[in-house]
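Consider the single chain below, provided in structure tokens and representing the form predicted alone.
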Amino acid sequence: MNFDKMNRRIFLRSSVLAGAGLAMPTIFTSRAWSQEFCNAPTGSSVVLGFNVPQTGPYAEEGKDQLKAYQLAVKHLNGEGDAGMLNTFKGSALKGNGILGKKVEYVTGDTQTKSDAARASATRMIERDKAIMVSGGSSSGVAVAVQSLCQDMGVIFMSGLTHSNDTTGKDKKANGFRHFFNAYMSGQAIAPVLADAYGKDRRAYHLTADYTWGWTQEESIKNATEALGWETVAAVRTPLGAADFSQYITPVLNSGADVLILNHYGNDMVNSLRQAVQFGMRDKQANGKNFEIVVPLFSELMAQGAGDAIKGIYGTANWDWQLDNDGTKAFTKSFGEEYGTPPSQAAQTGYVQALLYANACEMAGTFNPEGVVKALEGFEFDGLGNGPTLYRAADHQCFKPVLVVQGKESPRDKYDLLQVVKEVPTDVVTYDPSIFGGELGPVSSKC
């Protein structure tokens, strides 16, 4: 399948959705790129930096993501069962490291704080000579570290980051995102909510007060209001709050009949549990059953929330129970390594590590200029999400989005979510100009 270059920079063509055959990887010669670039490997190994929250409100997601990065390194080095290297369509990977160099890694704890994340990323690049940094689990962290990597001349393969800003107004030439964004969540979930709860609804938003929460709130408001919902109020809450009761109490007398929790990680677990404890699941308002929506959540959050997650709608980037070869291969590898199914944070981190390594193989160099060229417009399949495109215009991946719902009768603690709709890629694709920002030139100098 060939894409017209100009169209490929703007829109995802519908033929991708039809599952058409993927283009073979383009192999560049290393002579096409200058060998003078930041942290150019000179020995027999190459260092990657994995920068995730190991403490703080998003620690559970970060720890699972780190496990996946470590598994990816094993597979890239030819150890273990190779996981999704066996299913990756469009791959140039050989299972002998990257460009014949053994993959090593260093880790950092972002603490879910931008300053801490920048400090650990700086250490990775300056002291440990990391040539690529990956991680996130907070969009504030991802945006900050992406900017740092741009300035320091290395590639940033973001992990879990859902703000529109990451590949919108704050996008950078050296940064790439596999995870979906808040706009996509809004477009995917709003029609499902309208079908389930009706179009005459009054919503009250509680929103994490940073870049992800802001764009999530905006995207969900725009999508639901377009279908007839009214927004009663939108209240910002601090990241990492243990007690949300002061924010939940006013909802009961607001005239709203839907509470939308734009929270993630432990914040979502705490706010949802407290909302249920306040009796909102049993409340009537405006002649309707009161409903709670969590626009973005995962199996890990569902485990933390317990019974409170039953019946709750949200969106997800991936689910370990999807019926495709890539998902099965990764879930098997991860389960055998760690004894649990992987989260969506784990899957996107693993995939980003493979995509970076593959881009280096395609380009024949670690030089960011070659890596960026190899990733821009790259089409692939077999990594768990179906046919996927890394759009050149903003370095955002486009693929189907899952609408999920908490199961009423789960088999066990790992079987908490059901996929109620797989929203086609064309429904969530948008013109890259709507969020502003400029990629700018590729940076390769320290």
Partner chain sequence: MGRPPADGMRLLHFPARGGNIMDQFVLQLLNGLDKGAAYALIALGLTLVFGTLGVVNFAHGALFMIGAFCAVVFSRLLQLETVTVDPEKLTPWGSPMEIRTPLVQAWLGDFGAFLVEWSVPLSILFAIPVMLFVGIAMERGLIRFFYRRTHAEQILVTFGLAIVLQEIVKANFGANPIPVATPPALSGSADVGTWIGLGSIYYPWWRLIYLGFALVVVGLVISFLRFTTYGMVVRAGMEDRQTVGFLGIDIQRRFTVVFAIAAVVAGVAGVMYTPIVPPNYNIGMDFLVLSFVVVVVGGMGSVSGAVLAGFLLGILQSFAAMNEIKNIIPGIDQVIIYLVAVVVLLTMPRGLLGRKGVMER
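Note that this is a predicted model, so its numbers are computed, not measured. Numbering follows the first chain given and starts at 1.
The protein also exists as the form predicted in complex with the partner chain; that form is not presented, and the subsequent description refers to it.
> Exactly one residue in Lys102, Arg123, Lys74, Arg236 has a non-hydrogen atom within 4.5 Å of the partner chain in the predicted bound form; which is it?
Selected residue: Arg236.
> Of the residues Asp323, Glu336, Asp195, Asp115, which one places a heavy atom within 4.5 Å of the partner chain in the predicted bound form?
Only one option qualifies, and that one is Glu336.
> My question is simply whether Gly364 lines the interface with the partner chain in the predicted bound form - judged by any non-hydrogen atom within 4.5 Å.
Looking in the predicted bound form, residue contacts with the partner chain do not include Gly364, since no heavy atom lies within 4.5 Å.
> Find out whether any non-hydrogen atom of Gly78 is located within 4.5 angstroms of the partner chain in the predicted bound form, and reply yes or no.
Flag for Gly78 set to no.
> Is there a heavy atom of Thr87 lying 4.5 Å or less from a heavy atom of the partner chain in the predicted bound form?
Outside the cut-off, so no.
> Does Asp394 make contact with the partner chain in the predicted bound form, using a 4.5 Å heavy atom cut-off?
Result no; Asp394 lies far from the partner chain in the predicted bound form.
> If contact means a heavy atom within 4.5 Å, which one of 139-147, 163-171, 275-283, 183-191 is the stretch that engages the partner chain in the predicted bound form?
Stretch 275-283 is the one.
> In the predicted bound form, does every one of Gln246, Asn266 and Gln303 come within 4.5 Å of the partner chain, counting any heavy atom?
Judged in the predicted bound form, Gln246, Asn266 and Gln303 all sit within 4.5 Å of the partner chain.
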